[in-house]
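The chain that follows stands alone, in the form predicted on its own, written as structure tokens.
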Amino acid sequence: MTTELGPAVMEITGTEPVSSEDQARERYQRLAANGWATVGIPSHLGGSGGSMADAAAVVAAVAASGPGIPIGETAIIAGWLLAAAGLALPEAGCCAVPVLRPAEAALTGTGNGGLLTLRAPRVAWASWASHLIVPVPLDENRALVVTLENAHAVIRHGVNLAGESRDDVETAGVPVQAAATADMPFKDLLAGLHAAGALARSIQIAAALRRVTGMTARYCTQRSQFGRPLTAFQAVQQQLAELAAESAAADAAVTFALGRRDAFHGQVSAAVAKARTSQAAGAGARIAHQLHGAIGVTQEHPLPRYTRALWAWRDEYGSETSWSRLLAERAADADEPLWEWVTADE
């Protein structure tokens, strides 16, 4: 993963987690104004350019500063959907609508003059977005990607466990701003979008877990019990080692996925990343709270902001169970021996 972008992003986000929605919006606006929200989206589509590794570095740096800033929604998830159809980015502040079934999105008419009817639950950051990016079925072999102004949709605000915007979105025959064809079946477009979302959440989980691991290690070094620092106790050392191992495994899974060429269309790499990081999120949050004790559940302490995000992100775009099942199915269907399939380049 490219790392030199992280410090530049951290200069804007700071090292302290956001404490209010107003602060989160202010940080997001500064990031977007400096082009960080669209890193990874090709410049010919209106983005800032750069590779997927660059986008991942930015998303990781933002996640390390705490939940509440939707960089991943544009840079990775919406960016992948726009690139799949060659559709230009309407504005930096946009989000993808992860439609689950063809019946949830339908377009009457074609092209820019089409009218969109949409019903999608718990869309991440829809109430923040200037535009919604929506996949729509076209025919057996093709799908459409359309952009829609947020103001034309009915949005019912909701939140996840971390307090991040998760909104129900509905439209009834409203005009789309732009449309382009993706030369793939609708189900494949949805699968790729789901994989992009899984990878984005995996990057966020790994970054937040690194922050939690450092936070917990510092606390155990500074906190004393029976006249000795907590790190002097073997049981605490064991727990810290397990926490560090979970964080390292999450990092390795993300690095693996970013280095593969099938991350979205093949889904296998995204499945590996999301299954392992979601598992690490649950185990890591549990250990961190055990070692922090009562102070770790107070509103004044930063730990709960990260652990609530870990618990929320582990289930979004598929849990470890659902992605592990996909991996098992792909392994069972492989034409080559299991070891060769696991270690293949794609």
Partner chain sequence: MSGLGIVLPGSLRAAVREFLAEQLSAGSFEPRCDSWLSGFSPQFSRALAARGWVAMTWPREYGGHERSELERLTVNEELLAAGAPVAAHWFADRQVGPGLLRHGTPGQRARFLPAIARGECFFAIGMSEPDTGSDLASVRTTATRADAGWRVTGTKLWTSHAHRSHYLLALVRTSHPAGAARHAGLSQLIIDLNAPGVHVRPVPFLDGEHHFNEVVLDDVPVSEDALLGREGEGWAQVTGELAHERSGPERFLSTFPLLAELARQQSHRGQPELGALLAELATLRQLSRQVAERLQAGEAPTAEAALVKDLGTRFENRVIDVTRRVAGIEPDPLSAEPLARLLADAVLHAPAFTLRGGTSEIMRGIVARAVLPR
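Positions refer to the first chain, counted from 1. Everything quoted here is computed from the prediction, not taken from an experiment.
Not pictured, yet referred to below: the form predicted together with its partner chain.
Asks: Only one of these stretches, 90-98, 73-81, 251-259, 153-161, has heavy atoms within 4.5 Å of its partner chain in the predicted bound form; which one is it?
Replies: Correct option: 153-161.
Asks: Indicate whether its partner chain has at least one heavy atom within 4.5 Å of a heavy atom of residue 225 in the predicted bound form.
Replies: Yes, residue 225 sits close enough to its partner chain in the predicted bound form that at least one of its heavy atoms falls within 4.5 Å.
Asks: At the 4.5 Å heavy atom threshold, is residue 298 in contact with its partner chain in the predicted bound form?
Replies: Yes.
Asks: Quick check on residue 239: any heavy atom within 4.5 Å of its partner chain in the predicted bound form?
Replies: It does: once its partner chain is placed as it appears in the predicted bound form, residue 239 has a heavy atom within 4.5 Å of it.
Asks: Is residue 321 near its partner chain? Define near as a heavy atom within 4.5 Å, in the predicted bound form.
Replies: Yes, residue 321 lies within 4.5 Å of its partner chain in the predicted bound form.
Asks: Heavy atom within 4.5 Å of its partner chain in the predicted bound form: which residues of 120-146 meet that condition, in order?
Replies: If the 4.5 Å heavy-atom criterion is applied to its partner chain in the predicted bound form, 120-146 yields only 122.
Asks: Have a look at residue 318 and residue 101: in the predicted bound form, are their Cα atoms closer together or farther apart than in this form, given the change is 3 Å or more?
Replies: Those two alpha carbons end up closer in the predicted bound form.
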